[in-house]
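For reference, the chain that follows is the form predicted alone, supplied as structure tokens.
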Amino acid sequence: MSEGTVLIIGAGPAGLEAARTAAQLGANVVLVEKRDRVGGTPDESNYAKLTHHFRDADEAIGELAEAATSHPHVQVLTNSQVVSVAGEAGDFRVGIQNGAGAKTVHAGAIIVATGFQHFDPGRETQYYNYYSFSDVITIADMEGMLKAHQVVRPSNGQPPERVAFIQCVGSRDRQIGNEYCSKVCCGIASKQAIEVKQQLPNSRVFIFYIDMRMYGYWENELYWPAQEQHHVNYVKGLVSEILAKDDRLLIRGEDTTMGRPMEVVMDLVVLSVGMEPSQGTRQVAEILGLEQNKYGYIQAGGPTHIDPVATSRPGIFVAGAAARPSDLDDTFATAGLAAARAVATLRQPVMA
């Protein structure tokens, strides 16, 4: 058993948790990461606090990284990418390329944990003048501001008096093909709205939404506290456009509760962009020969269609947001299951 190896692609939260669990179960782990450091999107995008417990992101991800990378059975290969795979469950031969050249790793099982990317609001339809007005930002941009305690208007460096969040940007949108709900955006916007009010108590914060989708305990942990304790204004409505008005931003749309047109002026607009499969997820799926669904995520379910970590190829498993939009609870749950399934695969006899 100690000679069995699980190869994990991606060292974000899913990959780190899968590595820690597989190693604790007795497997040797090779963790492959294309960046020069582990931590994934929370690290790369400078997350401030994690939804939904408001834990400091650096601290939480740092603990996770330390638990995985300090384990004696875990080998971390940074600045590295998987470029080929041959063989089958129990006997995969994986080609890995890095600055030092190429090498082949023999592994009994593989876990794909390549994560997601944030929707680019200017990619196709130039949503809400994201590339035209510097005071239109995304929730990823806002995370960096909150982390630095510098929530300001990029146009002039001044703290905003009025801040608007616009939900479902790049999600639940048939026009661009992202028909799914990205699951976390409502919670993240509510978390960030609370943080904005904590850092700028005199500001007014609005969230414009189609439906507020609060999963699990988020209703009481985020939605109601944002309104009752921090006086965030939730407005059920559809925003059609954002225009310049003097040195501010004019939001036009429809207040769907009142059934009438809406025009409001804001200093800073935050687009709650959804999740999409990362380029790494798409590339790795091609290299490993894994089926993808119509949105580009790795098709999970396996032959039974009810296994959340099985892929179309036996011995290869998927964890976290490489398979579907996921919050951190989902990510850790599927990472642990993928690790258990991978280790179980190592224990199966290899057929001649």
Ligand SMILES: Cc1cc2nc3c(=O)[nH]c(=O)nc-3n(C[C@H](O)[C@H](O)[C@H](O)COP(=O)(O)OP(=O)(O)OC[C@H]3O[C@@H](n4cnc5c(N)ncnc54)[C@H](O)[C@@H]3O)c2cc1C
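Quick note: we count residues from 1 along the sequence shown, nothing fancier. Fair warning: this is a prediction, and the values are worked out from it, not measured in the lab.
Note that the form predicted in complex with the ligand isn't included here; everything after this is about it.
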The ligand in the model of the complex has a heavy atom of only one listed residue within 4.5 Å, and of Val284, Ala68, Ile316, Ile298 that residue is Val284
From Ile188, Val269, Val232, Ala109: within 4.5 Å of the ligand in the model of the complex by heavy atoms is Ile188
Exercise: Val309 in contact with the ligand in the model of the complex, heavy atom 4.5 Å:
no
Might Ser155 be said to contact the ligand in the model of the complex, defining contact as any heavy atom within 4.5 Å? no
Look up in the model of the complex whether Gln81 has a non-hydrogen atom within 4.5 angstroms of the ligand, and give yes or no. yes
At 4.5 Å between heavy atoms, is Gly253 in contact with the ligand in the model of the complex? no
In contact with the ligand in the model of the complex (heavy atoms, 4.5 Å), from 140-148, 157-165, 224-232, 242-250, is stretch 140-148
Applying a 4.5 angstroms cut-off on non-hydrogen atoms, the residues of 97-118 near the ligand in the model of the complex are Ala113, Thr114, Gly115, Phe116, His118
